[in-house]
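Next up: just one chain, as structure tokens, the form predicted on its own.
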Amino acid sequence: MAEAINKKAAIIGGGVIGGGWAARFLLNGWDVAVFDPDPQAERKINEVLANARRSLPALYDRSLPEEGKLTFHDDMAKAVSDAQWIQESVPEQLALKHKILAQIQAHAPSDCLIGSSTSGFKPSELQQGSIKPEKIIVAHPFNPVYLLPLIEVVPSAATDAATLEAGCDVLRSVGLKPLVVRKEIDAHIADRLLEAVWREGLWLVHDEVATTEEIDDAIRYGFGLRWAQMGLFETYRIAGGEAGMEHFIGQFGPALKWPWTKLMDVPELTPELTARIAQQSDDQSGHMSIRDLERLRDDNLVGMMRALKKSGSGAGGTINDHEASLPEPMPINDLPVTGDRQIPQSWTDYNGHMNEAHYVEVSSQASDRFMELVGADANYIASGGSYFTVETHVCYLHEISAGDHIRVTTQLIKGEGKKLHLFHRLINDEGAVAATIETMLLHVDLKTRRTSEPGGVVATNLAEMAKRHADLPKPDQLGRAIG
């Protein structure tokens, strides 16, 4: 299913979640057909897409596939025809979901898997009365779907292992992290945890212990940051010190019997309590529009997930895995493409264009990729050899702004002996060279930390690359001094 040539996803229901699904598939190269009777569906989804185009590619250091084609339909049969994946995201009413799922299966390809975005219903409940129950599973996402990678995948007894794995392959192919829930249970896993925190939060507001902002502060300045990389149990394992989880449970386990929690009860959501919560929420962030809050949320998520990407922890590992599966770019003007990416918002400064430091970062990434191409890859470095940068010269020709797509080509100027002389060009979507970066590197023995001759395979590959680049014209900016 994930290997389809013309990949098409059908999104049934174009609200916040359906729009996020549409963006996730579309920006990963799938054609997307949307069915939603809401006359505002197209406007709403295009607004979600604007945020997604701004943020999702910013997670990656390589370009996502070329965007697919987005279409809107008032005929469900046309929307689901030829689809390889169908995602149902209609309101949480079981009777409505039964009706919509029956309509989908009446027109969908016989082998097409249908994922439901339900946050609470079990798959066996969704499958009741279905002509093909084995093709319906729960695929519960988290908002914003186009950024957060977690998808709770819940099969029933009717779902065979091959079908389940094929569905997970599709989800992984668009950068998601399938979490297969091993037993059917109301509200799955994550929402049950969220519900516990939500209940306690309602009581804290009800009892006037804390405001909505103070409760959010307790999460975002404290344990929320730990949870982003380690979750619940690994966080507590560290809290147990060198003795680990067993010590933690022995020390803090007795507190679970103390009368702290009101998890088995919920305050009545009276008009007064609802009004208090709404007013406190407005006081907290009412000065910003929902779209402004979404963009702030997305920028913060990109920043945190990019930090996790560096270590491969949590969501960062999913991004790294997805990035590694993206296709390699084709050469430009007989030069290898050593960078192909969108510029993230965090790379821009007060003038609105890319900061100088990130030109050097792009150069570093391009040099690393060139090293891999000639054999100085991770295995080579582990064996004790590498290149160190000793000099860099940047020439700025055109502004580069957040959201711009750039490709980097690398020309080998000289690759003899210890020296590696490279010339990078940053090319924008108009085909213009926006900047050039000339860099000199020296080969180093990592054991002695002294310069040395490169190993045989690298020297051989550099000699072959030098022959291919020998007849290329020398860049105008090569060797230029300041001014």
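Only a predicted model underlies this, so the values are computations on that prediction, with no experimental measurement involved. Numbers follow the displayed sequence, beginning with 1.
There is also a form predicted together with a further copy of the same chain; it is not shown, and the following applies to it.
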Sole residue of Ser364, Ser124, Gln103, Asn320 within 4.5 Å of a further copy of the same chain in the predicted bound form, by heavy atom: Ser364
- prompt: Which one, Ser81, Ser346, Thr163, Ser130, lies within 4.5 Å of a further copy of the same chain in the predicted bound form by heavy atoms?
  reply: Ser346
- prompt: Hey, in the predicted bound form, does Arg449 get a heavy atom within 4.5 angstroms of a further copy of the same chain?
  reply: yes
field: a further copy of the same chain contact at Leu225 in the predicted bound form, heavy atom, 4.5 Å
entry: yes
message: So in the predicted bound form, is a further copy of the same chain close enough to Arg237 to count as touching (4.5 Å, heavy atoms)?
response: yes
task: Verify the contact flag for Asp207: yes if a non-hydrogen atom of it lies within 4.5 Å of a non-hydrogen atom of a further copy of the same chain in the predicted bound form, no if not.
output: yes
- request: May I ask whether His353, Tyr387 and Cys395 all come within 4.5 angstroms of a further copy of the same chain in the predicted bound form, judged by heavy atoms?
  value: yes
message: The chain here is shown without a further copy of the same chain. Which stretch in 217 to 225, 325 to 333, 104 to 112, 130 to 138 comes within 4.5 angstroms of it in the predicted bound form, by heavy atom distance?
response: 217 to 225
task: Go through 425 to 458 residue by residue and record those having a heavy atom within 4.5 Å of a further copy of the same chain in the predicted bound form; state none if no residue qualifies.
output: Glu438, Thr439, Met440, Leu446, Arg449
